[in-house]
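One chain follows as structure tokens, the form predicted alone.
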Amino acid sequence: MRRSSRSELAVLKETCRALVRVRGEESAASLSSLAARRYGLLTATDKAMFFRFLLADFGPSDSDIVEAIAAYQADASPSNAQALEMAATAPRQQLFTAMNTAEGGTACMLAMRADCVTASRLEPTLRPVERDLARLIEAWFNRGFLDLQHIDWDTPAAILEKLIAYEAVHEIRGWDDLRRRLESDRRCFGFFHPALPAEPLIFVEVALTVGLQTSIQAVIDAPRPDDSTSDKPDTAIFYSITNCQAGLAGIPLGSFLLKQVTDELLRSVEGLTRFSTLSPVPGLLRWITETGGGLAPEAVASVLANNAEIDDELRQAVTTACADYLVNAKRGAQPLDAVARFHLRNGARLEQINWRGDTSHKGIDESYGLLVNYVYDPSDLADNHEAFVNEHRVTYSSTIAGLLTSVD
């Protein structure tokens, strides 16, 4: 008879206590596998209880920290500094490291981190547990361990199926749509980890085009290329970046991916001179709804959703509001928009705002159908990154500057 989830929780706790005490390699491997397997049997409620257990029973010792602080204050030597660091390190990190070595342990740790992120939103006192998991996962998934793979139609079907399931920006509408996205004028790259060889961590879809593209529907629905007559592409459009693993949220894999894919495209595609995104503005309508902005959000969205005519004055007002949002709306010292934060931190330039860039229901509901080009100019990336990180300065084009002149 299967144990109740509460019994599973009790057994898991005892397994974890035994795991941090055991010294034999074979015993540790057996207990690690048991712990990983038993964690997967817990309910959401019991997972939250498990995180509370990790917080209380696997935290650092207050007395050890006090003793180490006193020793360091008496003698600020490197060895005492290291002893203080070790005293402040929670034993749960040792537990997580051991569980990661089990068969399926890395997948378990990613699932645990995703669960802990959810639990800590409801219960902020659990954040130290989540931060310990994030610290270790960032080390385990650092760039040196990741494998960049070019995904094409010959990639194993199990991985291609996951692309369809994971795509979070622009839905892949079945196998025909996926095949079109892997044609000769398209590229798809993903990061993989040795512990999860058939599981994409993050992937990016790229369109090789002539000139800057302004509409995602035009990109996705473009006819298949005739290689004998098509003009040679000069622009790479990054139109979808999807993080496949909730447990990797906040781990900066996207920055590494864009950099390495850009380098790969420069090597493999002759004639590319421009690298740009075609990016959503997911918080625009919400921001205008909350702040006003001189617009009636529902009315504008209704006009767009029904393909009704919109006058130039209102179109200009919506586009100007978007520029104001991307440049001036802040979360602390950084842009409020998460997509803008990501690209600007990577050194991109806010290039232009595209009217009716995304006419899908999602695009209309999020941002009146506006999409944004962020341009990655290799010669300016370092300077733009430094300006953003050190001065919180948003780099933007003269086109965006022209829109901002009408903002009070």
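If you're wondering where the values come from, they're calculated on a predicted model, not measured in any experiment. All residue numbers are counted from 1 along the displayed sequence.
Here the subject shifts to the form predicted together with a further copy of the same chain, a form of this protein not shown in this document.
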To test your reading of this chain, name the stretch in 211 to 219, 311 to 319, 110 to 118, 156 to 164 whose heavy atoms come within 4.5 Å of a further copy of the same chain in the predicted complex. 156 to 164
May I ask you to check whether Arg286 falls inside a 4.5 Å heavy atom distance of a further copy of the same chain in the predicted complex? no
Against a further copy of the same chain in the predicted complex, would Arg180 count as a contact residue? Criterion: heavy atoms within 4.5 Å. no
Can you check whether Asp57 is within 4.5 Å of a further copy of the same chain in the predicted complex, heavy atom basis? no
Proximity of His385 to a further copy of the same chain in the predicted complex, heavy atoms at 4.5 Å: yes
What is the one choice in Arg173, Arg131, Lys232, Lys330 with a heavy atom within 4.5 Å of a further copy of the same chain in the predicted complex? Arg131
Using a 4.5 Å heavy atom cut-off, which residue among Lys362, Arg356, Arg37, Arg345 comes into contact with a further copy of the same chain in the predicted complex? Arg345
Under the 4.5 Å heavy atom criterion, name the residues of 59 to 85 that approach a further copy of the same chain in the predicted complex, in sequence order. Pro60, Asp62, Ile65, Ile69, Tyr72, Gln73, Ala76, Pro78, Ser79, Ala81, Gln82, Leu84, Glu85
